[in-house]
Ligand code: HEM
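Only one chain is given next, in structure tokens, and it is the form predicted on its own.
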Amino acid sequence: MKFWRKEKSLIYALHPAKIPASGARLSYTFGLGGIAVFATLVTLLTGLALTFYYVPTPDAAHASVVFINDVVTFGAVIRALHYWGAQLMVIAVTLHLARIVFTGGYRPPRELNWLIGLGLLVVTLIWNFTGFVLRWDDGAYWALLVGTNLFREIPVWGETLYRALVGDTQIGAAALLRFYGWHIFGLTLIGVFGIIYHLWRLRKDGGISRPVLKESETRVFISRDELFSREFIAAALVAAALVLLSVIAPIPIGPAANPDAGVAAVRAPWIFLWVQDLLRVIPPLWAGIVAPLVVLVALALIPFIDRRGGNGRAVWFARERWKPQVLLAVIAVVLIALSVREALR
């Protein structure tokens, strides 16, 4: 097939001519970066298919999702693939970030690419939330209402930011249309460009981080053909798992949003459950704005609090790099504990 021909394949050409064998080990990377890219591709393609039937208006949005789910041929499977691909994307990007920290992959000259990757994580989370909103069922509407009202808590600029976000003084047609536009165009453009630039920076910065060789050691490489074959097999396995999951675990949808009705229980998407838990115990400004910013800044500073040389680089849990590892572990434990506590309420 032409897809496989080296001189014809753009995907093949994007791979380096050779890669250190240490950086290609499954036990080192777990293929998380590639899985994140593949999940993004699945989400984009299925999202494109869904746009042919989705109607971004308050009166028709929920009904169009129900139509996709119940009437369109393979609509429920495509919608489930879109959902599970998006969740896999969040999980893979998050674990990829953790892998970089626990193996010291953020070291010079990779600080800039660390910040780019962190920005892609933020884009992924917002991308996921905007997609959640587009269901326009009762849960999505009230989660959007609570989430956007957090911006009103920001001193001085809060109301201006809120109106810029939702396009009106309250949640309605303008908000849904703006979130739809950001989901299918704005965030898609930023995400795709960010991924391409992130991969380009990886090549420019010398490829995957590798351990420092001892005097008696020689660097071992694998060919581009071997790397491409491994990635193709991994993509096929992930695709099969996503299809199976989409068939056995279809995505339900709640009743249509009713702004005039009261709300008994608002449940945020799982990625923001920790914020919802904090909202129960501290003021909204601190729980919904300050706390996420503190976490983001702490993660951004990781490459700059570890100024050691090459020792422990590309080694899992190297003692020489204990400070960033402890910082990330503490953040992860706290966020997971808060999320689990909220999920169990």
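Counting begins at 1, following the sequence as shown. Quick caveat, the model's predicted, so the values are computed rather than measured.
Omitted from view is the form predicted together with the named molecule, to which the following refers.
Remark: L32 counts among the residues lining the named molecule in the predicted bound form, judged by a heavy atom distance of 4.5 Å or less. The shortest heavy atom separation between I222 and the named molecule in the predicted bound form exceeds 4.5 Å. V243 falls outside the set of residues with a heavy atom inside 4.5 Å of the named molecule in the predicted bound form. In the predicted bound form, none of the heavy atoms of A61 sits within 4.5 Å of a heavy atom of the named molecule.
Picking from 102-110, 151-159, 70-78, 243-251 the stretch near the named molecule in the predicted bound form, with a 4.5 Å limit on heavy atoms, gives 102-110.
This chain lacks the partner; the member of L187, I195, V166, L88 within 4.5 angstroms of the named molecule in the predicted bound form by a non-hydrogen atom is I195. Screening A257, L121, L134, I271 for any heavy atom within 4.5 Å of the named molecule in the predicted bound form leaves a single hit, L121.
Taking a 4.5 Å heavy atom cutoff to the named molecule in the predicted bound form, none of the residues in 315-345 make contact.
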